[in-house]
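Only one chain comes next, encoded as structure tokens, the form predicted on its own.
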Amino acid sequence: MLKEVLMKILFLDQSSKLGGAELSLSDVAKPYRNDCLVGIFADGPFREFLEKAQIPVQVLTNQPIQISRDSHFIQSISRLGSLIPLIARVTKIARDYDIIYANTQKALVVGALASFLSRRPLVYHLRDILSTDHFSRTNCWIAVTLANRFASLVIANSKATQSAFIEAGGRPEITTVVYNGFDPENYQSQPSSLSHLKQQLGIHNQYVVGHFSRLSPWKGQHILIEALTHCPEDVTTILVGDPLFGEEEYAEQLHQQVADLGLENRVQFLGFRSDIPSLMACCDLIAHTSISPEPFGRVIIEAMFCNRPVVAAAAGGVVELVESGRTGWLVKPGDVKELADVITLCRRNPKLAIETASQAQQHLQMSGRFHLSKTNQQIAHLLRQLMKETPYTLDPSSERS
């Protein structure tokens, strides 16, 4: 079905890193890899990942974009001038494509202006909750204003993300929700390889709580570390992920916290890993501990596909993924004691934890709700509709050079 879609798409993403938004973008782009280009604003692991997946990719600039999540109005406006060469380049490239597809906020800024100049429709895949929990008021305003003015379609990755966009002033009629999709086959692990991996990590005879996220204050790794002090002594944790966006100081604070609490033998920092399904399968429980609302919660669905029980912070899109007590457990964000209580419950009642994980996995398999094939079908349908309804001129003879 997807092969019948004849569209040339220019995807844009600001990151050189391989985060959740970038992994999701690669899944969206893969069906179009014969007729698409992923333009990124910095070189790094994301480019390498796309090349390995045989998805066309091009680094569009070597100049860092100085606008940050907490920039105020004067800073943001004054720094927009530095984007002019990038916008000009994207505009020129876009004339050879049918749609501009912005995957991140900075990509939206560039894509919106390039859309106007190239007369190509703009799709904004919104993967952030636009609130002051995550961004400055200025950056929220810029994102909403540009989306309202230039985007023909805003795809939100959860109802929570969509609601935050609308509450910030976004036009509801251009928004729709499409959940992130996953290929269940990627989350199958062999018991023999798991035994070897457990030996490598030295966690064979321990109760392992896994945390999978970049190291960032709002991701709440410090909450899990503190919770360990209230759990049985054989409970250990592995922290999988690196600091990505200037958050090295937080990573240092986590190491210091572990030392101060005397947990050196119960906490392992594994850094960035590509073997996430295997590492999840080695865990007895997966913890999600974000202290600010999570737009989606990719790690939660991955854990469920790996048949592992989940305890998650009940805010944002997470509450759309977990039915507490049936497919996992929800706890108040930042509540150390409540998190520790659930970990201890699962440690002392492994049968309950296993049954809950199985229930979650069965629910995913039966509903197909987060299957990649369904996600790609939904996006393909939306893009086909956009091509039919777009007011832009798409005649190659009149627009493309």
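Note that residue numbering follows the sequence shown and begins at 1. Bear in mind that the values here come from a model prediction, so they are computed numbers and not experimental data.
One more form of this protein should be noted, the form predicted in complex with a small molecule, which is absent from this view; the next part is about it.
S.K.: Even though the small molecule is not shown here, does residue 296 get within 4.5 Å of it in the predicted complex, heavy atoms only?
M.R.: Yes - in the predicted complex, heavy atoms of residue 296 and the small molecule come within 4.5 Å of each other.
S.K.: With the partner left out here, check for me: in the predicted complex, does some heavy atom of residue 106 sit within 4.5 Å of the small molecule?
M.R.: Judged by the heavy-atom cut-off of 4.5 Å, residue 106 is well away from the small molecule in the predicted complex.
S.K.: Heavy atom to heavy atom, is residue 24 within 4.5 Å of the small molecule in the predicted complex?
M.R.: Yes, residue 24 is a contact residue.
S.K.: Can you check whether residue 180 is within 4.5 Å of the small molecule in the predicted complex, heavy atom basis?
M.R.: Close contact exists here: in the predicted complex, residue 180 approaches the small molecule to within 4.5 Å, heavy atoms only.
S.K.: Candidate spot 198, 266 and 269, all three in 4.5 Å heavy atom range of the small molecule in the predicted complex?
M.R.: Contact check failed for every one of 198, 266 and 269.
S.K.: Select, from the options 307 to 315, 288 to 296, 325 to 333, 93 to 101, the stretch whose residues sit within 4.5 angstroms of the small molecule in the predicted complex by heavy atom distance.
M.R.: Every other range fails; the passing one is 288 to 296.
S.K.: Given that the small molecule is left out here, which of 157, 139, 237, 115 has a heavy atom within 4.5 Å of it in the predicted complex?
M.R.: Partner contact (heavy atom, 4.5 Å) among the options: 157.
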